[in-house]
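This document starts with two versions of one protein chain, written out as structure tokens and named structure 1 and structure 2.
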Structure 1
Amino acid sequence: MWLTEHRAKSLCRDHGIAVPDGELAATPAGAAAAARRLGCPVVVKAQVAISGRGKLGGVRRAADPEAADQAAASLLGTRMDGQPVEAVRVESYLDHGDEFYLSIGLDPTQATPVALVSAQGGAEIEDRAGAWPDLLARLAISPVDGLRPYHGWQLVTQARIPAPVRAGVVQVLQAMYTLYRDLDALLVEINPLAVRADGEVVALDAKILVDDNALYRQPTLAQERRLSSAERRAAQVGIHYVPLEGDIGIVGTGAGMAMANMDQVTHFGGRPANFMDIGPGILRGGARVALEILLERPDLKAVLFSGYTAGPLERVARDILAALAAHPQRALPVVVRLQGHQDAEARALLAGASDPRLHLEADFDIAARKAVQLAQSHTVPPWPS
């Protein structure tokens, strides 16, 4: 779960990291009022969890409250990289000099947190780090010892952070590690950390990614989680749903199978409309919820429900029939290929239902090809009224 910049900055401030004063606004008038209270100039920033927000025009400077009103009006209600802009953060604009990059993230291979520091922060940090690897200081952190002051000094020295601000940056690094640990984060990133004329360091942007598996022990954050209604229904039965732009619905009995189904459909010339993994939810009716979510999407032309599982396929077959029965008017072809535990029973159940929307296949490739053909010809079988 990505926290919004506004939320991440309030957590930073609670942990002693300086951030510009700012307020959240959901309307242009609210943004103008915030600008008046904060004093101009301000920066109006779209609160969407995407990368490259600045380049996409999601960050606007405003010289007065009217300009803040206009900036908010041009951002609110739009979508950036598929994400709806529902709020903006209005923030005091701060003059500053150097910009640094700091992060605490995860190295999955070494299975350790890893701290990164660069004296050359900003939007193009990966490119600069690729070109001048010396500019980036990197240190694996022991999850038992944590990030100690000496680790911080090692990092700021190696990254050639200017001497007068080193102590301040070390304090920020320690606070970031505390956030990382206490929030069950997978990433805490400040880019840039800006140096003011008086030597104070201020976080101008902050990104925090929290581990979804740990939300059960982060109740405050869990309450703030915002999901679409389809995503919420999926999450309630333990299945994973990611909507995409294509027209062929995908259901797989595991994450790998769901991806392989998407790959197959793409290979045969179709466009997958989503990622859907029902593996963890099979015993909880996940197959029914998955298919209902797809049947309710008006933009689909076919569904490929293809999998191999040790879970009870009889249950899956009953769930498929229940989903179809709940949407008798939706004339959407559904190609089903099921293999594994109880596959003969599942096939018999599905064949016995003689629903003209169901297309039973036995072969992995042929099922995917069939779904693509059905979507392309879009010959929907007539449904008796």
Structure 2
Amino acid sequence: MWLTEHRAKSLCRDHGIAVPDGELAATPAGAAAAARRLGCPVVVKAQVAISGRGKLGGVRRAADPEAADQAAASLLGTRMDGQPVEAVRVESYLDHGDEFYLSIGLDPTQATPVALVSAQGGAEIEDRAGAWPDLLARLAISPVDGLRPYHGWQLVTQARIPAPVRAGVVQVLQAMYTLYRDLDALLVEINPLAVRADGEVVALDAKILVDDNALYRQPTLAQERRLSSAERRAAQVGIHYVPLEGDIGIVGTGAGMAMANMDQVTHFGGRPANFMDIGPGILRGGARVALEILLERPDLKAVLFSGYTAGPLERVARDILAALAAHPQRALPVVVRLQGHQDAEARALLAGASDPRLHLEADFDIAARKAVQLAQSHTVPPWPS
């Protein structure tokens, strides 16, 4: 569960991390009123749980309440990376100097949290860190010992954080680790942590990603979780669905398979419309639910249903046919490539259905290319009379 910036900053403030004053607004008039209360200039930020909002135009400075009204009006009701913008955060604009990057996240290769600190923060930190990895100070954190003050001093010294603000940054790091631990988080990130003229360090942006598997221990956050009807249907049968803004639906029989399908579709010039992993729900009708969710999306031009599994593929084939039968008027081409246990029986079932929407392929690359070609031409086989 990825918290919105507004919620993440609220938690940061509760844990002693300074953040700019801000208010949540769901209407342009509400944004203008918030700007009047806070005092201008302000920054109007789309509240969607994604990275790179600034590059997508989701962060706008407003010199007066009227400009805040206009900024909110241009953001509310739109979609960013597939997510609807239903609210904006209006917050005080703060003049500042240096910007730092801080994060504490789970490193799956070490099965332990890792702290990262850089004296260069901001929107391009990923690119800069990739080109100059020495910009990042890194420390694996023992789950037993936690992040101690001397760990923080080691990090800020290695990262060459200016001496006058090192103590403040260490305090922020310790508060971040407390958040990480207490919220069962996978990531707590502040980028940038800015330095004001008086030396105070302030979190201008904050991201918190909570482990979905631990939400039963976070009842307050669990109640705040907002799922679309499609995401809720997927969760009920144990499959993972993340909508995106492309036009080719993706279904994989595992998380890695789903990502591979997305990569191949992109490689051949297509745009994936979602991430979908049905592996955990194959025995609960997950294949049918997954395909029905995609058949009900009017923005799709094709579907790639590709997987390799030891699960019962004959059942998967029956679920595919059931989903298509439930939506006879939806003329959407579906490319299917199944390999694994009962794959011959599954292909025989699908071929015997004689549904013109079905396109059976045996090769991974050919299936992905076929889905892209069908989407690009947007040609739909006619139903037999």
Partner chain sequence: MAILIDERTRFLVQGITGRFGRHYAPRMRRYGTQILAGVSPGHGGEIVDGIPVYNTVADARAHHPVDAAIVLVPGPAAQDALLEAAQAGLSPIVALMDGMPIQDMVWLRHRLRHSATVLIGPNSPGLISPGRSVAGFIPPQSCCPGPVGIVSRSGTLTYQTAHLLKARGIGQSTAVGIGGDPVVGTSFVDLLQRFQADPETEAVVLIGEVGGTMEEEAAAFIRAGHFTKPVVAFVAGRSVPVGRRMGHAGALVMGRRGTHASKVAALQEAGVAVAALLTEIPSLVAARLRT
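In this text, rigid core is short for the largest set of C-alphas that superpose within 1.5 Å between two forms. Numbering runs along the sequence of structure 1, starting at 1. From a predicted model like this one, the values you see are computed outputs, not experimental measurements.
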Between structure 1 and structure 2, the form predicted together with the partner chain: 1
Would you say residue 328 moves between structure 1 and structure 2, meaning its CA shifts by 2 Å or more once the core is fitted? yes
Superposing on the rigid core, does the Cα of residue 268 end up 2 Å or more away between structure 1 and structure 2? yes
Superposing on the rigid core, is the Cα displacement of residue 190 between structure 1 and structure 2 2 Å or more? no
After lining up the core, report the Cα displacement of residue 277 between structure 1 and structure 2 in Å, one decimal place. 4.2
Keeping the rigid core superposed, can you check how far the CA atom of residue 367 moves between structure 1 and structure 2, in angstrom? 10.7
How much does the C-alpha of residue 240 shift between structure 1 and structure 2, in angstrom, given a rigid core superposition? 2.6
